[in-house]
Every structure is written in C-alpha cells, then in structure tokens.
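Just one chain is shown here, as structure tokens, and it is the form predicted alone.
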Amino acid sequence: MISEQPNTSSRRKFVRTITGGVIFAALPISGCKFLSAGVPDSAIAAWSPDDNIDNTSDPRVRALSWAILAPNPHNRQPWLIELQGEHDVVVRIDSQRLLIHTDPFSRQILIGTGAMLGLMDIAAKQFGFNTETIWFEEGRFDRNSIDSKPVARVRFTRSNEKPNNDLFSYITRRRTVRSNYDINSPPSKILESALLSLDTNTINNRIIVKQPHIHLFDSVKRIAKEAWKIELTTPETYLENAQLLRVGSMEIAKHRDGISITSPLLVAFERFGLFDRDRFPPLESNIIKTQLKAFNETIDATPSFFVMTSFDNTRITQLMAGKTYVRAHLMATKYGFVMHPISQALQEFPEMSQLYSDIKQILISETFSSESTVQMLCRIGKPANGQAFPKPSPRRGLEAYYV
C-alpha cells in the first residue's frame, strides 16, 4: 500500500516534478476546489450509523450498518449482501473487488470479510439478537479462486440476554493508524492479556516487543522493510496499488473506497500530470525513494508487533482470523492503543516467496503443521506526540453492497 505523507507547506509552492525537471513556481495549492485534498464528510457519513439507520429498522440492516465499518485490505469493501426471508443475511464476495496481484489467493480478502462478519455479530448482540452462521452452504472456494457461492448465511434470532459486549462502543472509534508510534509505549499488560485471551483452537495471538525478544523483533522489522520494497518495486503490485489511490477530495467522495491521498502536494502532482498512476516509475525515481524512506521510518517507530498465526489455512480459518482480528483491534482501541497491518510479507505473489517463507519460519512454532500460516502481522502502539489522529477510512454506504 502506498502511504500518504503529511504536508505542512504554505499557500504557495515551488513544486518539482517527481522525476526532477520542470518547476512550477508559486503554485496556489489552497483555496482551489480542483486541488481540494481533505476527506469530505460525505465519504465518511457511514461512520455515524445511528444517524443513517432508524432504530426501528430491520435489525439485520442496523447490524450491517455497523459491520461495514470493518477493516479490510486496501479498503476494497469486497462484500455483496442479500437479505433473505425475515431472519437471514447471505454474504458473498464481489469478484470485481479482488486484489489479483497482491493477494492472488484472496486470503486477505477473506480475512476482511471475516472482520465484517465479526462486527455484524457484535452489533446484533447489542441490538438484542443472536447470530448463527452457516459457512459455505453451497461449497467452499478452492485455494486458488473466489466465485459467487455464498461465504456465509447469518441467521438472526431474538435473544433474551442483556447486551454485555463493551467492544460495540469502540467500533466507530477504531482507526488504522499508519503514522509513527511512541517507541516507549508497547501494549500494557492488561491489553496483552486481553489479546492473548482471543486464542482459539485454530488461532494463536502473540505480542513481540524488543525486550526480551530483540533478535526476533529486529528480524520482523527487517522483513517488513524488505517486503514493502518488493511490493513497491514489482510493476504488477505497484500498479494495482496505484489504481486504488483516491487522490484528493473529489476522487475520495466519488469512490469512497481504496487508499485516500490527502496530501495537498501529492494532489497537486497528480492534477498537473506529474504522477501517472498508469505507469510504473523508474526504480531510482523520487516517488520510489520517498515511499521506501517513509515506510522504513514508520517501521523504526514501532514499539511492538501483534501476530496472528493459525494451525491451518482453510477458507473458514481465514474468515475466523478476520473475526479475531477485528476484536483484537477493538480491544486495542478500548485501552488507548492503535494498530496498523503490515501484510506485505504475507502476500503470496511470486516475487515475495522467499520473504513469505522467512516470516513463517521465524513466527510459527515448530509444533505447527505444514499448513500453518501467519494470518496477520501488525504494528501496535500509541501515536507519537504531535501525530494527528486520522479521520476514518471512507465507506461506500450500506446500499452499495446489496444484491
């Protein structure tokens, strides 16, 4: 993923092209709608579900309005939703929203879908309903493809129990924070204990801090940096990411998905034709160098890593990993921490094969099977002093997912 860089420049700029050459003098960046850079309110309206959904609505609709706020890879929001009868929600994968190069087997797409289903469970419970899930009722996907068969059928039944899941109140507060973290603020003992309590028969969680795991900690940092370089300098994965950039307010409002770019300077580059999203840049170009430098600095500003591993890698396990991850992220939010998935080394395209093997070797116990997999690798900590808390990621709105 191509991260945005904060820009604190003044109204007038001397902007140099990415490749070095033409200079635009005194370019008026602010005050021009054409160059408007912020995330518009319309793109994040879904983050106020109570304002959008009447409390008397179908409980499935109420729960779904919270579920679509789940974290998901590249903010693709790859869900198709059908309400069937009076009690059921059928969920499929939108085949037009896959990541065919960075996620060729759609493992991360399934994790994002599991996260959405996890939030649906939490919200349904809050509104007085239990959920029962039937997985792959028409058959599972194979390892190499995604098709139109249902992933899950979720049945809502009235519950007589009072809601007691305090994670619900953190759904709209959760953020994926990609900035520098305070390296002196690893997870507290109470948060670490809460995260480890999410272990299941299939999913294991782990926190890695520098002390006493200095060699492991440094190895994870090294692999994370190398993996980002491979993703950024492989033409197919670079261009797939570039096509998902939403540059400036107008594009963000139009698409309400993908990777939001709000730096005024980067918006100016793109608007004046200095950043071509259809062309792979030279490896020595400033756009490559700047992204590598920024990511490496972010990794260095990391106090700890959160790791999720599984004993197998079935499609159901991938979905359950998503359910577990979203609960972990909500727990981190509850205790004042933030998270940032760094999944490049977990991607299974050919150029990443060696690092994919390396990360499995150092993070998976020898007692695991040959099918054991690292499902998630995340930074976890607190934003460094002075780092602004980001706006939530855009969402397309519930009506966009119905079939």
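Everything numeric in this text was worked out from a predicted model, so none of it was measured. Each residue number is its position in the shown sequence, starting from 1.
Unshown form predicted in complex with a small molecule; subsequent notes refer to it.
Of the candidate stretches 149-157, 171-179, 267-275, 129-137, only 171-179 has residues whose heavy atoms lie within 4.5 Å of the small molecule in the predicted bound form. Contact between N313 and the small molecule in the predicted bound form is not found at the 4.5 Å heavy atom cutoff. Taking non-hydrogen atoms only, V89 never approaches the small molecule to within 4.5 angstroms in the predicted bound form. At least one heavy atom of H340 is located within 4.5 Å of the small molecule in the predicted bound form.
Heavy atoms of I111 reach within 4.5 Å of the small molecule in the predicted bound form, making it an interface residue. Contact annotation: of the candidates G118, P186, P281, P71, the single residue with a non-hydrogen atom within 4.5 angstroms of the small molecule in the predicted bound form is P71. Contact with the small molecule in the predicted bound form, defined as a heavy atom within 4.5 Å, holds for exactly one of I259, I223, I122, V209, namely I259. Site residues Q344, M376 and S393 are all in contact with the small molecule in the predicted bound form, judged by any heavy atom within 4.5 Å.
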